[in-house]
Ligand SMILES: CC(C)(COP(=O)(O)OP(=O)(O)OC[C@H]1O[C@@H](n2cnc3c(N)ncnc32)[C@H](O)[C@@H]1OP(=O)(O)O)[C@@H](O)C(=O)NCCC(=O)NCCS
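Let's start with one chain on its own, the form predicted on its own, as structure tokens.
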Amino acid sequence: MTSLAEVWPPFGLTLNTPRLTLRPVLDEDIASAVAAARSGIHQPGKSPFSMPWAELPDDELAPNMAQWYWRCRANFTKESWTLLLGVWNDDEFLGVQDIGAKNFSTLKTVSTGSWLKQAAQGRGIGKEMRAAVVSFAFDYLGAEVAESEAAIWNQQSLGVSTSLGYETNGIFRHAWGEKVEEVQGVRLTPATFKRPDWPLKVQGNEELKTYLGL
């Protein structure tokens, strides 16, 4: 029987840290992702996302999330890709960590973003899942730079970046829903990366690299 990973190689990727499993969100996981998002991600009216999707009414949130997962898969090419990795602790769905790139074969640069349900925040999980994808990008994909960004008031996200060795990379203005926010860019290289004291376990990397032409 043909496996999902044989049909679409990114489905075969799995990253394991001491507490977490990160793997692509499958259709069967979307309901768990929606439930996690509905449980609350941030304080009302204080969206950490430039598109305040988590504030949508319940009847709009679910189809919006499903369409986003499907869109990222459909638009996944060697030249431009975004991989959405669900984050689990045992059987509990905690959030999503994404990693993506444009013209990676030349630029060797990835970008990351994430969300984590409020019940899982404050336990170092955000740092652990970001460290996982950055370690994967540097050590398995051959990335030379990892970039991220956050609104300047989002000290929780910027604190994770600082703790991992990211350096500030300019402030810019960005449309944030219906208003404007100042956004802090951050940048990490293998030389500045404050590596975790645990090994990352990776499965399905070679197939993904082949699919990306690396």
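A quick note: this is a predicted structure, and the numbers were derived from the prediction, not measured. Residue numbers here begin at 1 and follow the sequence given.
Heads up, the form predicted together with this ligand isn't pictured, but that's what we're talking about next.
Of the candidate stretches 85-93, 71-79, 135-143, 107-115, only 107-115 has residues whose heavy atoms lie within 4.5 Å of this ligand in the model of the complex.
Taking the partner from the other structure, this ligand in the model of the complex has no heavy atom within 4.5 Å of any heavy atom of Gly170.
Taking non-hydrogen atoms only, Gly159 approaches this ligand to within 4.5 angstroms in the model of the complex. Residue contact check for Thr189: none of its heavy atoms lie within 4.5 Å of this ligand in the model of the complex.
Although the partner is absent here, Ser163 lies within 4.5 Å of this ligand in the model of the complex, judged by heavy atoms. Taken together, Gly122, Lys127 and Gln155 are fully in contact with this ligand in the model of the complex: each brings a heavy atom within 4.5 Å. Of the residues in 48-71, those that come within 4.5 Å of this ligand in the model of the complex through at least one heavy atom are, in sequence order, Pro48, Phe49.
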